[in-house]
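Starting off, we have a lone chain in the form predicted on its own, written out as C-alpha cells.
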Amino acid sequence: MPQSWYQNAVFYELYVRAFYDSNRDGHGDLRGVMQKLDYLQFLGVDCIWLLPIYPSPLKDDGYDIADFYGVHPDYGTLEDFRELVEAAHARGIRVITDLVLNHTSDQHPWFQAARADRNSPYRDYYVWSDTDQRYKDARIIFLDVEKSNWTWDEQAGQYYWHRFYSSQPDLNYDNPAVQEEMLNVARFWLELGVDGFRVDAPPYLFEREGTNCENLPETHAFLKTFRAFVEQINPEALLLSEANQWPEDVRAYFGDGDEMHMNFHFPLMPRLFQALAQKDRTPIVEILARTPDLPPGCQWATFLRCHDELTLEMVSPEVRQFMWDFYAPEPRMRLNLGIRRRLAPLLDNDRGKIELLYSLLFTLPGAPTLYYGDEIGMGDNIWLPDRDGLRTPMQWDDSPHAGFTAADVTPYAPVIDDPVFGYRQVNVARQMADPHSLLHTIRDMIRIRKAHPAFGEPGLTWLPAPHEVAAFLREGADETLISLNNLSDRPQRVQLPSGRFASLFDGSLIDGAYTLPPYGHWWGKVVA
C-alpha cells in the first residue's frame, strides 16, 4: 500500500507567539511565520503544526478558546492565516492547527450565555450538576492546581465539569448541537486551506457514571463521525490525535483505519531518556514490544520534546523518581508528573547525547516531530511560571532580543541570555554559517530520513548487541536499513548481520562489525 503523505513526514511544532514578530509589538504573529518559511524549507520539514491561534484570555496559552472561528489579534487576521497556508503550500510545506474538541474558555460566549440563563440553548453545551460527587472515578489531571473536576459557578447556581483547568469548562457531547458545532468548526478551517488538525485531548469527550470518563465507546463513535466528515471536505487531511494513553489503549483511536490517522506515542518518549540515563536499550525494547500494529494508512507520531512538560505519567513510581533525580534535580524543573525542560538542557548541552536521541527519533518507527528551537539546541528558563520557560522567543541571531523583535520593543517573554544557552551563543544565523553545527546535522538527518521511505514503514527487527546499544533493522519494499545507537559513554562494538552495509551519511562500506564511539550513531543500507 503506498504511503500517505504523513507516514514519512517530518513535523515541526511551532508556537506562533514565540517564532517571529513582524509588526514590532513584542508578540510573534502569522506574518512572522510567513517571513521564516524559507528557513523551515531549508530545514526540510514537511508540515508545521501551529499551537492554538484562536482568540483567548490565554490562561492556558490559547488552549482556552473564546472563539473557534477567529484569530487572536496578537497573531493577525484570518486573511493572514489564509496567506500563510498558501505561502507554505507554495514551498511544499503543509500546515495543521490545534483543534480543541473537549472544552472552551469560561470566557467563550457559549459559556457566558450558559451560566447566565438555565433556559438558554447554550446551557446544554456544558456539563452541569447540583452536586460535585458525580463521576468520582475520573482522575484529576492537573493535580498541582485543581482539587476537583467540578467547580461551583455562583451565577449559574450549579457546578460545571472540567477535566483540565477550572477556566476550561468541558463541552457536553451528549448534546447533538455540540457535535454539529464542532463539525462546523472543522469545516471552517479546512475551507481556509488547513491540511488537518492536531486534535487536543480526545479521550475525555463523554462522561459516564461508574467509569473513569476516558476512552469511552461514545467518544470513538463521535471521532469516526468526525473523520468521515473531514474526509468529505479534504480526503488528504490529517487527524493527529493527542490521546495521552498506553499504546494498547491508544490503538482504539485508530479504529479500523476510520478514526485518527496518527497519535503521539507518549510512553515511548520518556523511555528514550530513561534508556540514555541507564545506558540500556531495555525500556525502548519493552515499550515497542507492547505497541500494537496499526491499520494500513495509520502512523505513530514520535517526539523528544514539546510545548508541555516531559510527561512521566506512564512510568512506574520508581522510574519517575529516578528520572526526576537524574534530569530534574531542582524542584522548579518539575511540573505535575513531569519535567519542564527543553532538550538541550535536559542533556547538559552534550552534543553527542543530543544527536543520539535525534538518531533514535529519526530511525525508530513513527513520523518525527521537532519542537521549535530544539534544532539549534535552545535553552529554557525555569524561573518563568508553569510551562512558559519552554516557550521563549526563537533565537534568530545575536542582535538584541535574538532578532525576534525590534531592539526597542519588549518581547512577550525574556529571551534566553545565560552563558551557555544565551542568544549570543545559540542562534540560527551562527549555526547556518557553521557547516558542523547542530542545525546542519539535524538538517542532514531530515534529508536522509526523507530519502528512505523504509523509515516510515511499521515495525523493526532488533539485532544482537550489547545492552548499551539500540541496534535494529528497518525494512521497506525496496530497501533494508540499519540503525546503530550507543547509549553509553564508552565505545561499543556491534556484530552486524551478514552482508555489506553502506553508510547513509557518506556512502562508506562496512561489513562484519562496527565500533560505535561514546554516544555514537550510524545509519546504513544493505547493499549486498
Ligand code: NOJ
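Remember, it's a predicted structure, so these values are computed and weren't measured experimentally. From 1 onward, residues are counted along the sequence shown.
Below: the form predicted together with the named molecule, not depicted.
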Q: Tell me, yes or no, whether E242 is in contact with the named molecule in the predicted complex, where a contact means a heavy atom of each within 4.5 Å.
A: yes
(Q) At 4.5 Å between heavy atoms, is W128 in contact with the named molecule in the predicted complex? (A) no
Q.
Given that the named molecule is not shown alongside this chain, does F188 nevertheless sit within 4.5 Å of it in the predicted complex, heavy atom to heavy atom?
A. no
Q) If you check in the predicted complex, is Q168 within 4.5 Å of the named molecule, heavy atoms only? A) yes
Q) Which residue, R387, H220, H440, R227, has a heavy atom that falls within 4.5 Å of the named molecule in the predicted complex? A) R387
Q: Work out which of D417, D200, D153, D174 lies within 4.5 Å of the named molecule in the predicted complex, going by heavy atoms.
A: D200
Q: Specify the contacting stretch among 431-439, 71-79, 307-315, 209-217, defined as having any heavy atom within 4.5 Å of the named molecule in the predicted complex.
A: 307-315
Q) Hey, which residues along 127-143 are within 4.5 angstroms of the named molecule in the predicted complex, non-hydrogen atoms only? A) F142
